[in-house]
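To begin, one chain is listed below as structure tokens, in the form predicted on its own.
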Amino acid sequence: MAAPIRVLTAVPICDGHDSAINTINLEFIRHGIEVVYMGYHRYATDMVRAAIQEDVRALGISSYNGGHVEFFSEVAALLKKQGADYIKLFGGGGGTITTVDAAAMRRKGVDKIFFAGTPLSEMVDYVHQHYGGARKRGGKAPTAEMKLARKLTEIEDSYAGGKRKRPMPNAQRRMPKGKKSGRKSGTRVFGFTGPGGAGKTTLIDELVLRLLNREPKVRIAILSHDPSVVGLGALLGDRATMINSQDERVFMRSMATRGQAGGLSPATEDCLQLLAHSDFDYVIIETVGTGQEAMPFQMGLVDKTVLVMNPDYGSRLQLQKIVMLDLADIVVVNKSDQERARTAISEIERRLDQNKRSQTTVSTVANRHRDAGVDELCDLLLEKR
């Protein structure tokens, strides 16, 4: 795939109306745009930091609750203050934004306001025409975070349009003997995989909270993957459920698969190498929601692999088909408050006994406050091999 236009969309704090922005997101995806969606009830500082980390072309805001002149102006001012005003700002708000408001917002640095009744095709055309050309960033990146974000973009784009050869499939690759992916000494890498809807993103967010609380100076990077629609764009929506990962000690980057099967992007390994050489104590990789495939991670790429499942996987026969149960270091049964959870855990443990290797099962309810299962998972991940 060619390098697509990347935009970030979000809804401001105190605004829970996301139906309009979801419709716009889907239209963008249909026309080849990658959309990093933050969700609603988001602060201006969160939006700006996410836009910088994701190195998007533009930030789109949907505002229906008033206060838009002040909110958009704050975002524009923060982008300029961070030296990131090359990230353009656009948005809309149905009937709440008047032409007078829009004129005031443009004077404050807002690129474009779409009014109620604007055809979706007009929005798509505007994004393609104004954010799809050669990028003009200005001078050097003023912050280390911005510099890292730009390098990640360079790596991703180097694989676009056949410019760079993809790595061979993960199952065929091994790290050279004695080599640990060239990572910085002390950096630990955890890989999370599992079917869609198992709760991987929420579980990772809760794990991040525990790591931040346990180690006051810890720095964490997250590489989160979502699928590209064949021949089209991608909805990168993991930020919408990330709350704790908005912390200033966390760097998060959303990646689309861009035509590669297996749950990761063609550029994942190189992006991981960059993060592992940077000043991070932990790097967490989350794959696309996968089915019965083999392990998506190259051998030696991660320190521990976590398979996240929910209790409703089907019959015991299905367990025999899940290759990741042979390969994962830790198997998490999330949503274990469901009625079938106890039976599921028992069946999974019997399945793991067949492997004759050291594997651990953990029961979690990731969306429950202070869940003891997530505490146990954190302890297991921090154990030395």
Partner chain sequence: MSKLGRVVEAVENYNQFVLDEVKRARSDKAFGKKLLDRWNEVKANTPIGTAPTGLKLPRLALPEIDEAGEIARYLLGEGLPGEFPFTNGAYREMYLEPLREPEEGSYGKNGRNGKNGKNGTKPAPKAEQEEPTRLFSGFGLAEDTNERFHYLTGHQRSARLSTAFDGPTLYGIDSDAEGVFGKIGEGGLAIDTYEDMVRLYDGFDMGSPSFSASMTISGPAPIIMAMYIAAAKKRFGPSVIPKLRGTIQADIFKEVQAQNETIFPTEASLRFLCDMIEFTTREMPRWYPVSISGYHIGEAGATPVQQAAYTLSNGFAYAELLSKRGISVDQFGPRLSFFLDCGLDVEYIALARASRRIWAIGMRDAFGAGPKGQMFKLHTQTSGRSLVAAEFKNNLTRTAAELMLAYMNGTNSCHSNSADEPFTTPSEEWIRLAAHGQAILLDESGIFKHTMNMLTGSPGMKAVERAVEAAILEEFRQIEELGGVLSAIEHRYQRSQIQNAAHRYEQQIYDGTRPIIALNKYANAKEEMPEVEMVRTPRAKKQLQVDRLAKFKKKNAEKAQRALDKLSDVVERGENFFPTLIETVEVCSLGQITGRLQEIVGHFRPMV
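On a predicted model such as this, the values are computed, not experimentally measured, just so you know. Numbering follows the first chain given and starts at 1.
There is another form of this protein, the form predicted in complex with the partner chain, and it is not shown here; the text below is about that form.
For the options A261, L232, I243, V218, the one in contact with the partner chain in the model of the complex, meaning a heavy atom within 4.5 Å, is I243. With the partner left out here, the partner chain still marks one of 301 to 309, 147 to 155, 91 to 99, 131 to 139 in the model of the complex; by a 4.5 Å heavy atom cut-off that stretch is 91 to 99. The partner chain in the model of the complex comes within 4.5 Å of no heavy atom belonging to D111. Contact check for P119: a heavy atom falls within 4.5 Å of the partner chain in the model of the complex. The partner chain is not shown here, but in the model of the complex it comes within 4.5 Å of a heavy atom of R42. Heavy atoms of I13 reach within 4.5 Å of the partner chain in the model of the complex, making it an interface residue.
Contacts between 187 to 204 and the partner chain, taken as any heavy atom within 4.5 Å in the model of the complex, involve only T202.
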